[in-house]
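The data below hold one chain only, encoded as structure tokens and taken in the form predicted alone.
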Amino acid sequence: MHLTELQAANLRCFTEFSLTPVSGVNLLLGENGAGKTSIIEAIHILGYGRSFRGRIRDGLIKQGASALQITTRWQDTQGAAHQAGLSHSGNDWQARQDGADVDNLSQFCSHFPVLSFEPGSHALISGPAENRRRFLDWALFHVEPGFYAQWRRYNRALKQRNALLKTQPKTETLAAWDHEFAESGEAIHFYRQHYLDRLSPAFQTISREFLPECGTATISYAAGWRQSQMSLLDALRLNRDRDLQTGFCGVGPHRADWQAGLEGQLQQEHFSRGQAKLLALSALLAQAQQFLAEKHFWPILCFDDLASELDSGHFKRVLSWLSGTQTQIWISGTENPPIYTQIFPALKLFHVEQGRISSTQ
């Protein structure tokens, strides 16, 4: 699928803009602060309901406006045309798709599989575990029909159990939620573990291409409890006294994590910033490739300030890899090196200047 039109109003520095992209590579050029990232954010918001730089209310809405609006037209894998729109005030939202109201934001976002790489993306490797859980859950939300229901079930049980723990409940009262928590938590673990098993070969192949000097990359996974030794229900029972003392649940998929390794180095602090960036990019592109394998079409790929994040050698390797895909790609930058047109001769160029956009192809 690919966007055929993108419009937005009251998004950061833009009063409004309208773009007609190509199905291949779309290059956004402009000076720092011109608004290039805001265009990438608009696409990301369609797929996630939020920006990669924070919540909607944290500066995305143009000063003086009550809400931002994003509308788009897109073509699905069968060639059918669709249209959708989202209005978000930071607290409330309204969405429509093909003329009908949408009452579930996750349902709306499910139509826009978007993967974004931006200057903070190295945190996927070097940042907190929450980033890596979100990475897994995004893919599972799109490729596993039963995952979202289990995810909601688990998070409801976690919220209820944590609230109950703060009241110092009787053992039998807590046990009623333990079973719900354990059943849904085991299901979440199963989905994540098997997805990582499927993802690992592509991650190894791509990371070897981007980091040939570092040897074979690996992925290790921790379930959030000693899963190899006991069930989640047994772990809850074993940890019950500690949970009552702390007032929150200390075991379960909300504590899960995965880590990338290079030549056996599994400590995040062992990686340089450059290695972390390239491992994060390898994981993201492996996820895109796995998405293709399971859904039979590519997600939209967005890269904010890609050239500044990579040295020239790695930059060329990444662009060469992208040239082998058949997906819509958005890249922002301050300069237009010749390598872009060498690798992507049919790219469309947009010039961004403080709330104004012009295009050439």
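What you are looking at is a predicted structure, and each value in this text was computed from that prediction instead of being measured. We number the residues from 1 along the sequence you see.
FYI, the form predicted in complex with a small molecule isn't displayed, but the following is about it.
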Item checked: Touches the small molecule in the model of the complex: Gln354 (any heavy atom, 4.5 Å) -> yes
Item checked: Contact label in the model of the complex: Arg53 to the small molecule, heavy atom within 4.5 Å -> yes
Next item on the list: Indicate whether Ser66 is a 4.5 Å heavy atom neighbour of the small molecule in the model of the complex.
Entry: no
Check: Might Leu292 be said to contact the small molecule in the model of the complex, defining contact as any heavy atom within 4.5 Å?
Finding: no
Next item on the list: Among 323-331, 28-36, 309-317, 293-301, mark the stretch whose residues have heavy atoms within 4.5 Å of the small molecule in the model of the complex.
Entry: 28-36
Margin query: Give me the residue from Ile339, Cys13, Leu347, Ala9 that has a heavy atom within 4.5 Å of the small molecule in the model of the complex.
Written below: Cys13
